[in-house]
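Below you will find one chain, with nothing else, as structure tokens; this is the form predicted on its own, and questions on how it binds or moves follow later.
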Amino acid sequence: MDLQLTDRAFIVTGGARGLGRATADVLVAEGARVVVSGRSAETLAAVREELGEAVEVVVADNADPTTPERLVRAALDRWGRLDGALVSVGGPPRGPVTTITDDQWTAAFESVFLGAVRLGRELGAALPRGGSLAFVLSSSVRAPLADMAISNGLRPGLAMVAKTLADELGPAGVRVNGLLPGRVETERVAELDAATGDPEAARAAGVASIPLRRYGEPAEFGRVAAFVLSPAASFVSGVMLPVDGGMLRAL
């Protein structure tokens, strides 16, 4: 299938590693141009070296109110257009409701929730008819994850924001969707498994909860994200799409 991505320009926040990077890889492979943002100049330099002239990198924090404007300007200055954006929302610290402090909730709200809302609002407004916006959320949108109180609290709210934004931007011809990854082989998931104190047991339990009996590969997520962002998915909007190997039990 031709995703019709050649020479289109996209923003991928948090694109230096993990699911954002996997999506940037697929977009570039399909002929798109990508502005990749992240907080580390070093990791962004590696992205630029590996993906070449198809990529513009911007050191930026999702929580910074100036980030959306900087990213839009980077796309327009480099390629003269902006066709879509993937808002990859960083992972909050793990822990149960009973031990997460007010300061941790506040910090996570600023970066994970408000930062994503701001990016969605500003980037969505900058997109032309036919544009597409997608949020990388989590399976915690539909089912709580053990010891992940902040994610369980904030991700469902972001999903509803994305759904509402799809209603608001739809008349302008802009699509908005959410992606709900499960256990995918990223550094973040490896860190979560390690944080349990027994990463092998955590992985075994995770695999056992997935009908396909394996963790996903980042590229498998990236291909789904690229499709959702592409004109090939032109009548898909307001959807929260699991990419989890069947892990979620809810419809």
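One-based numbering along the sequence shown. Since the model is a prediction, treat every value here as computed from it, not as a measurement.
If you look for the form predicted in complex with a small molecule, you will not find it shown, but the lines that follow are about it.
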*Selected contact from R203, R39, R48, R223, since only one has a non-hydrogen atom within 4.5 angstroms of the small molecule in the model of the complex*: R39
*4.5 Å heavy atom contact with the small molecule in the model of the complex for all of G131, P156 and S237*: no
*Indicate whether the small molecule has at least one heavy atom within 4.5 Å of a heavy atom of G95 in the model of the complex.*
no
*Taking the shortest heavy atom distance, is A32 within 4.5 Å of the small molecule in the model of the complex?*
no
*Answer with yes or no whether G182 is in contact with the small molecule in the model of the complex, where contact means some heavy atom within 4.5 Å.*
yes
_Against the small molecule in the model of the complex, would S111 count as a contact residue? Criterion: heavy atoms within 4.5 Å._
yes
*Determine which one of 122-130, 72-80, 160-168, 87-95 lies within 4.5 Å of the small molecule in the model of the complex, judging by heavy atom distances; exactly one does.*
87-95
